[in-house]
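Just the one chain here, the form predicted on its own, laid out as structure tokens.
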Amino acid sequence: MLARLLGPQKRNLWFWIFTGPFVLGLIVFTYVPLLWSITLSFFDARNTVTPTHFVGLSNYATVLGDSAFTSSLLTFAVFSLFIVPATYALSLGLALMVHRLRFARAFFRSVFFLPTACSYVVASLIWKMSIFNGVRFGLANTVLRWFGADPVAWLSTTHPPWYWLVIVTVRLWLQAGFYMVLLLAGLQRIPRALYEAAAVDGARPGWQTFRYITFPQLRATSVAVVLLLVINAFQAFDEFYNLLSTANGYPPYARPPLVYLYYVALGQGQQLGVGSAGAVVLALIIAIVTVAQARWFGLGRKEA
């Protein structure tokens, strides 16, 4: 077995020396916890990660019958309804703008990509304490005061739900640059000859070339971007928790699935079995939605 891994004359030795630590880390920190979580989902595990009593599908029934879990899925649906099209539109606009620049293209690409390196926790605290602070000294309320409007408690006002503005804008600022780079790579792959042929045929630069050449040629990249945006929306946690949680706990509104699972598994009851079942259900939902989207968009389908 060892000789087969090393190959003839140990030609694969350096391959395993360099990749071995990463493979081992992937197994220890990803696959083992994943399999252990699936195992825990079939056991009654409270305040411990050691399975105690086999309960079968009881944990799954508890999760699916909990109105808080279904409410968290509704929160995700609302969040994705805002963040997915907004991020795609902003990223595409930035990519088109940077792609058309004749000078300092690398500078502006770096500037728009830079927020991606910022921590979600740090950005959430800046949005919460400086920009959308509920007191009149916050930046947003200062601007409102210039126009004679009253201050707004952005994160605690539910009618209308102003907290969505805070959550969506911080996520938009953090991730738009990353998807801009992906779309920019797609734009750079479009052959210049297509635009030259369109100009010969009388197509006007601007909306016509974008609608009939640029956007169709970005189809594969756009599908990948939308899939990544939906998956990332499912995994939203940091901005919700750091923006809405207070010393009194988390409010009953705007709880995405991961915040729900956090309080189930690590809250007062520490029902790790139920939390693991919820994580498995969430993973299955993400997989089903991703496959359904891929088939709907025709990802991987050969062009006719």
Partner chain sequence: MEPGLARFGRALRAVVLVALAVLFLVPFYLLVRDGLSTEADITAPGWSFFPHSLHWGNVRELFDDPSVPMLHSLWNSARIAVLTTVGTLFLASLAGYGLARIPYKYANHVFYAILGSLMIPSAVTFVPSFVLVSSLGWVSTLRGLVIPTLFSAFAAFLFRQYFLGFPPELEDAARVDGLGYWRTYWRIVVPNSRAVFAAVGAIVFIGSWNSFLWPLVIGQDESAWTVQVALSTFTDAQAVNLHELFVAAAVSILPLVIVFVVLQRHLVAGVERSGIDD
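Every value quoted in this text rests on a predicted model; they were computed, and no experiment measured them. Numbering follows the first chain given and starts at 1. For the two forms, the rigid core is made up of the largest set of C-alpha atoms that agree within 1.5 Å on superposition.
One more form of this protein, predicted in complex with the partner chain, exists but is not displayed; see below.
Contact segment among 72-80, 152-160, 172-180, 192-200, judged by heavy atoms lying within 4.5 Å of the partner chain in the model of the complex | Residues of 172-180 come within 4.5 Å of the partner.
Report the residue, out of Ala224, Val168, Ala233, Leu218, that has at least one non-hydrogen atom within 4.5 angstroms of the partner chain in the model of the complex.
-> Contact with the partner chain in the model of the complex is made by Ala224 alone.
4.5 Å heavy atom contact with the partner chain in the model of the complex for all of Ala68, Leu187 and Tyr253 | Checking in the model of the complex: none of Ala68, Leu187 and Tyr253 is within 4.5 Å of the partner chain.
Taking 4.5 angstroms as the cut-off for heavy atoms, does Phe137 touch the partner chain in the model of the complex?
-> Contact check for Phe137: yes, within 4.5 Å of the partner chain in the model of the complex.
For Phe210, is any heavy atom within 4.5 Å of the partner chain in the model of the complex, or not?
-> No, Phe210 stays farther than 4.5 Å from the partner chain in the model of the complex.
Find out whether any non-hydrogen atom of Leu229 is located within 4.5 angstroms of the partner chain in the model of the complex, and reply yes or no.
-> Close contact is absent here: in the model of the complex, Leu229 is far from the partner chain, nothing within 4.5 Å, heavy atoms only.
Quick one: is Ala292 in contact with the partner chain in the model of the complex, heavy atoms, 4.5 Å cut-off?
-> Outside the cut-off, so no.
Going by heavy atoms, what in 93-122 lies within 4.5 angstroms of the partner chain in the model of the complex?
-> Residues within 4.5 Å: Leu94, Met97, Val98, Arg100, Leu101, Arg102, Phe108, Arg109, Ser110, Val111, Phe112, Phe113, Leu114, Pro115, Thr116, Ala117, Cys118, Ser119, Val121, Val122.
With both forms fit on the core, is the shift of the CA atom of Val23 between this form and the one not shown 2 Å or larger?
-> It does, since the Val23 C-alpha is displaced 2 Å or more between this form and the one not shown after the core fit.
Determine, after fitting the two forms on their core, whether Val32 shows a C-alpha shift of 2 Å or more between this form and the one not shown.
-> Val32 C-alpha, core-superposed: shift of 2 Å or more.
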